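Just so you know, structure 1 and structure 2 below are the same protein chain in two forms, each on its own as C-alpha cells.
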Structure 1
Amino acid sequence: MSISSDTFLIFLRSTLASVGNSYAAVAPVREAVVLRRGWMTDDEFAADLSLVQAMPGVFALNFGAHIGRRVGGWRGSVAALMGTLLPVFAILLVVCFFFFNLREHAAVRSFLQGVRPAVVALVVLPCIRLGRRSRITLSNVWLPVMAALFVGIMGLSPVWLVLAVAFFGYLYGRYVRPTDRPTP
C-alpha cells in the first residue's frame, strides 16, 4: 500500500474514533505514525503538534494537513485531509436530512430547550480555565475584555480584531521592541 492511501486510512479511522473532541484523534494517529509505522520520531510528532496548536483555523484539518505533509509530502497532506473530511461529510449529510425536521418534534424540542443552557455553560468553563492559565495581568487584561466587548456585544468580526492586534504586534516588534532592549 502506498504511503498516501495508508495515511488516508489512518486519518479516516482516527477521525471516526475522535467523537466529540478533535483532540481525541491525536492519540490514534500518533500510535499509527510513530509507534507502528515509524514514519516520525516521538519528538518530531510532539513538535509538530505544538506548532499545529498555534495555527489558525480548524484544529482537525491543520493536524491532518501537517502530519500528512510530514509523512508523505503534499500527496500525504491531501490524503490526510480527505481522510479527516470524508467521515464528517458522510455523517453530517445524514444528520442534515434529520436535524431540522427532528428539531420541530415536541419531545425533542423540550429536550433541546433543557440542553441549550448547559451548552452555554460548557463554553463558559473553558473560558475560565484558559483565563486562569494564560497569565493575564493588569497590563494586558484590556485585550480579552476588548475581544469580548467588540465580538460578543457589538457584533464585530473577530477576524478584523485578530488582524488588527497582530498588525499592532508586528509594528511593536519591528520598531519599538528592538530599541527598549538593554544594549550589551
Structure 2
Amino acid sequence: MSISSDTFLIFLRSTLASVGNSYAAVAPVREAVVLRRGWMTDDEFAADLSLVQAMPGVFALNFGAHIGRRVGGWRGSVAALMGTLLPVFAILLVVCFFFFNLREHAAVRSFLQGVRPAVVALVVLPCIRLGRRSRITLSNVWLPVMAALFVGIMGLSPVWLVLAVAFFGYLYGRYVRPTDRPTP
C-alpha cells in the first residue's frame, strides 16, 4: 500500500471516530504515524501539532494537510484532506437528504422550534463572556449597542463600521488623548 492511500485510510478512520471533535483525531493519528509506521518521531509530531494549533482556520483541515504533507508530500496532504473531509461530507449529504424529507413532520418541526432558544443561548453566552473580559461598562456600552443598531436596523455593512471606528479611534488617540503617550 502506498503512503498516500495509507494516509487516506489513517485520516478516514480517525475522522470517523472523532466526528464533532477534531482533537479526538490526534491520538489515533499519532499512534498510526509515530508508533506503528515510524514516519515521524514523537518530538516531530508534538512540534507539528503545536504548529497546527497556532494556525488560523479549521483545526481538522490544518492538521490533515500538515501531517499529510510531512509524511507524504503534496500527495499525502491531498490524501489526508480527502480522508478528513469524506466522512463529514457523507454525513452532511445524508442529513440534508433526510432533512428535506422530514422537515414537514410535526415532531421534527416541534424539535426544531424547541432547539431555537438553545441555539440562541449558545450564541449569546460567549458574547456575554467576551463582553465581561473586554471590560464593557455602563459608560461604554453604547458602542456595541450603536454598532448593532447600525448593522441590524440601518443595514450598514460591518466593514464600513469597522473602518469608521478605526478612523475615529485614531483621531481620538491622536488629538483628544495625546497625554497618554509617553514623552520622548
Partner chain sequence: MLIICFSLLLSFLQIGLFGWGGPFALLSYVQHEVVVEHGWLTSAEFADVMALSRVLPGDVALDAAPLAAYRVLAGEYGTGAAIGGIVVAFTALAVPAFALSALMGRFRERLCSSDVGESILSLLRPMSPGLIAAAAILLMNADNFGSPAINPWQFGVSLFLFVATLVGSGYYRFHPLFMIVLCGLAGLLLY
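Because the structure is predicted, anything quoted here is derived from the model rather than measured. Residue positions are counted from 1 along structure 1's sequence. Each form is matched to the other, and the largest set of C-alpha atoms that superpose within 1.5 Å is called the rigid core.
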(request) Working through the pair one at a time, identify the form predicted together with the partner chain and give its number. (result) 1
(message) Could you check, with the core superposed, whether the Cα atom of V34 shifts 2 Å or more between structures 1 and 2?
(response) no
(request) Answer yes if the CA of A47 moves 2 Å or more between structures 1 and 2 after aligning the rigid core, and no otherwise. (result) no
(message) On a rigid core superposition, would V94 pass a 2 Å threshold for CA movement between structures 1 and 2?
(response) no
(request) Taking the rigid core as fixed, quantify in angstrom how much the C-alpha of V151 shifts between structures 1 and 2. (result) 10.8
